[in-house]
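Next up: just one chain, as structure tokens, the form predicted alone.
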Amino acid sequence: MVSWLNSFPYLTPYEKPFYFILIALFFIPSIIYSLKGKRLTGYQAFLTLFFLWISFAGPNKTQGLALIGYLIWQVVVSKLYFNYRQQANQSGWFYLSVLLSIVPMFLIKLLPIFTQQAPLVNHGQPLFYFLGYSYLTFKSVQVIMETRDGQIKELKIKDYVNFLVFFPTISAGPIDRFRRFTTNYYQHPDHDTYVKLLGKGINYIFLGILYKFIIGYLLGSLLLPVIQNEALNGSMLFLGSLGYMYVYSFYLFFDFAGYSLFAVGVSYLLGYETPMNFNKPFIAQNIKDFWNRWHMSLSFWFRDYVYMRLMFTLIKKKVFKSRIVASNIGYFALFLIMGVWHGLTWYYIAYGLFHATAICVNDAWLRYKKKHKGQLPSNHWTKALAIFITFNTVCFSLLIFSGFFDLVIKQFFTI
């Protein structure tokens, strides 16, 4: 069996066309059975093991071992807390469980800073690193929090592991919800529903190919380096930076949205309705609307499991008299965490603080509009202006996120 598996190339999910050829070939039995309105459970388990193998074995074996260790850790933490929660509900055990759940992610992100050992292991990656560790952590924390809320009534180890290692989304989401995922697992769509999912799934995969491999390639691999060079050679700093800002923003969207379409499309072929991650974000009319359209599974995760819970605590304990102050503090905490999660560099943190400021200003404007309802114009032109302002605000934030200013500083201000 192992020698048969070793005959296949080791591939990062959705990185090369051959990955899609393998999907087209190996999914045939599952699709045929799904058209009968049934799930070929054992075969889908084989598909999971096969696609995890080609991603986490061979040259990525160290990542595979880290993934296995991670799964054991999360199963123990989540199962122990679930069993405890059936008997009691002390906050201390809840916070300890959340902390233990995110310990692996902290170690992966922080060890390279405090040790010189990490670059020598795991093929240059930090110790304990594996592809998709952040997204699995979001899932793990979510299960603990929903267990605390009493929303998860049953936690089978098989369901939990299946949820974590669902291979179409393992590398970079979208971040699904445990209860929605298990509902799909136990209630396979009937024939008519699956036919619709199959059509949508194939359409999403081809749309993802257009986004990631054609538009994303043209923007990111061909156009972006040229514009960056023009901006950094000193003769066209402003115009080059402006061009870089727009090209990078569209590149980031098409590259990531393309990947997300792959993940959603492949999930649909297996009969799982994984949530979409993008919904025309560049036509958002304000910054809050933007976050309801951009990387939605992540922004909704932060909204539900960080912002709403922080707001509930601040208001319940009356930390601030004003709900507006509490809300603004919540936004800064939320986006600061999101910035740090992307990486411990100044421009990721600046990106988070920029969005926190933008969303606080946006809220103040919405309150002003509500107070002066009827006195301010509202028509197609004002909506177009709102889209224009939001689009440019977002693009500037993505320019910060790109690290471009770090390159400018090093290019022009380093002695």
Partner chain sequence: MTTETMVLNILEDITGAENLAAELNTDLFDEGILDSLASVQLLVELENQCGVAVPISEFDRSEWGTPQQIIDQVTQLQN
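Numbering follows the first chain given and starts at 1. This is a predicted model, so every value here is computed, not measured.
Another form, the form predicted in complex with the partner chain, is not on view; read the next lines as being about it.
Quiz prompt | Listed residue that, although the partner chain is not shown, lies within 4.5 Å of it in the model of the complex (heavy atoms), from Glu230, Glu273, Asp159, Glu146 | solution = Contact with the partner chain in the model of the complex is made by Glu146 alone.
Exercise. Sort through Phe278, Trp73, Tyr307, Phe256 and report the residue having a heavy atom within 4.5 Å of the partner chain in the model of the complex.
Key: Selected option: Tyr307.
Self-check item: Residue contact check: Gln187 to the partner chain in the model of the complex, 4.5 Å heavy atom
Solution: Gln187: no contact with the partner chain in the model of the complex.
Quiz item: Is Leu111 close enough to the partner chain in the model of the complex to count, meaning some heavy atom within 4.5 Å?
Solution: Leu111: no contact with the partner chain in the model of the complex.
Quiz item: So in the model of the complex, does any heavy atom of Arg323 sit within 4.5 Å of the partner chain?
Solution: Flag for Arg323 set to yes.
Practice problem: State yes or no: in the model of the complex, is some non-hydrogen atom of His380 no more than 4.5 angstroms from a non-hydrogen atom of the partner chain? | Solution: No, His380 stays farther than 4.5 Å from the partner chain in the model of the complex.
Quiz item: Any chance all of Lys38, Tyr43 and Ala45 sit within 4.5 Å of the partner chain in the model of the complex, going by non-hydrogen atoms?
Solution: Looking in the model of the complex, the three residues Lys38, Tyr43 and Ala45 all stay beyond 4.5 Å of the partner chain (heavy atoms).
Exercise. With the partner chain left out here, work out from 213-221, 125-133, 262-270, 149-157 which stretch has heavy atoms within 4.5 Å of it in the model of the complex.
Key: Heavy atoms within 4.5 Å of the partner chain in the model of the complex occur in 149-157.
Practice problem: Output the sequence-ordered list of residues from 303-335 with at least one heavy atom within 4.5 Å of the partner chain in the model of the complex. | Solution: Contacting residues: Arg303, Asp304, Tyr307, Met308, Arg309, Met311, Phe312, Ile315, Lys316, Arg323, Ser327.
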